[in-house]
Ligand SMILES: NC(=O)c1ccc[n+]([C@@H]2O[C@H](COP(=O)([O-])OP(=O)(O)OC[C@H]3O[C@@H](n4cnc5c(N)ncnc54)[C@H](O)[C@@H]3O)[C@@H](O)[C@H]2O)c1
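First comes one chain, alone, set out as structure tokens in the form predicted on its own.
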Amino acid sequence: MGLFAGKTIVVTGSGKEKGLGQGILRRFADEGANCVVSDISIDAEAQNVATDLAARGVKVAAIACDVSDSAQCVALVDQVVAEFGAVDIFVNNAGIGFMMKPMLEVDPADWAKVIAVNLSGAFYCTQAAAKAMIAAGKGGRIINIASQAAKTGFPHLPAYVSSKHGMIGLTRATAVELGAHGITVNAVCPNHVTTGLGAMQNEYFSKLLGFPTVEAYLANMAAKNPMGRPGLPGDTAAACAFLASDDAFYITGEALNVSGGEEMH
């Protein structure tokens, strides 16, 4: 029996191998939770993520959801409740940040797309998950995967930075309203993690900042970090496991840095 045996966790944007979503689900699967893989489509890669989780001995479902569509967010939660009986833990992890341009060159359509996925998607899913949790009457945990960019500005990422700052506002506002129902809402703010999205950012910013190679850029990143390395998916997963545990019941509305000391406010 694991820490989350009998619980069901949904993680959006979790259909990519070596991504934050997979890392989070692996941690919860190892603690006995039913796991729901969700991404904009359930392709072969997402099926691989689901197969990996099932091999850990837990029940797994893979459900497509475009979080920028509120109706699909409602349908995701409804399907999870129908299959598993409840949504106990919901992690808003879906996000895009590959539209890297100077602020003066950003296309309004690209701005709108990032906000629609990263911020509006988190709102739609939070609303749907909270309604299901309230109906079940057992409380719940909602965790938003924000970023170091939720607290610090970065160049050439105006929409991403704005969406992640907004996610902290969403976390605080919803925590105030949902506490009465026994639902906590918190954000996790990782520093850079080399996922698929992170790899694109590595390529872009290593060139922008004049590093001869991506490896040199990453070495410089590690040297500036008090703990001597960038983040790993397991770091964020561990923070999520704590925030979803009974030990964290009295913690809500927080934005927890998981950055090896790189971000301290």
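Just so it is clear, the model here is predicted, and its values are computed rather than measured. Numbers for residues come from their place in the sequence shown, where the first is 1.
Below: the form predicted together with this ligand, not depicted.
- Among residues of the shown chain, Ser68 is one whose heavy atoms approach this ligand to within 4.5 Å in the model of the complex.
- Within 4.5 Å of some heavy atom of this ligand in the model of the complex lies at least one heavy atom of Gly95.
- With a 4.5 Å cutoff on heavy atoms, Tyr160 counts as touching this ligand in the model of the complex.
- When this ligand is considered in the model of the complex, Asp39 lines it closely, a heavy atom lying within 4.5 Å.
- Considering this ligand in the model of the complex, the lone stretch of 127-135, 95-103, 169-177, 79-87 in range is 95-103 [heavy atom distance within 4.5 Å].
- Looking at 136-161, the residues that come within 4.5 Å of this ligand in the model of the complex, counting any heavy atom, are Ile145, Ala146, Ser147, Tyr160.
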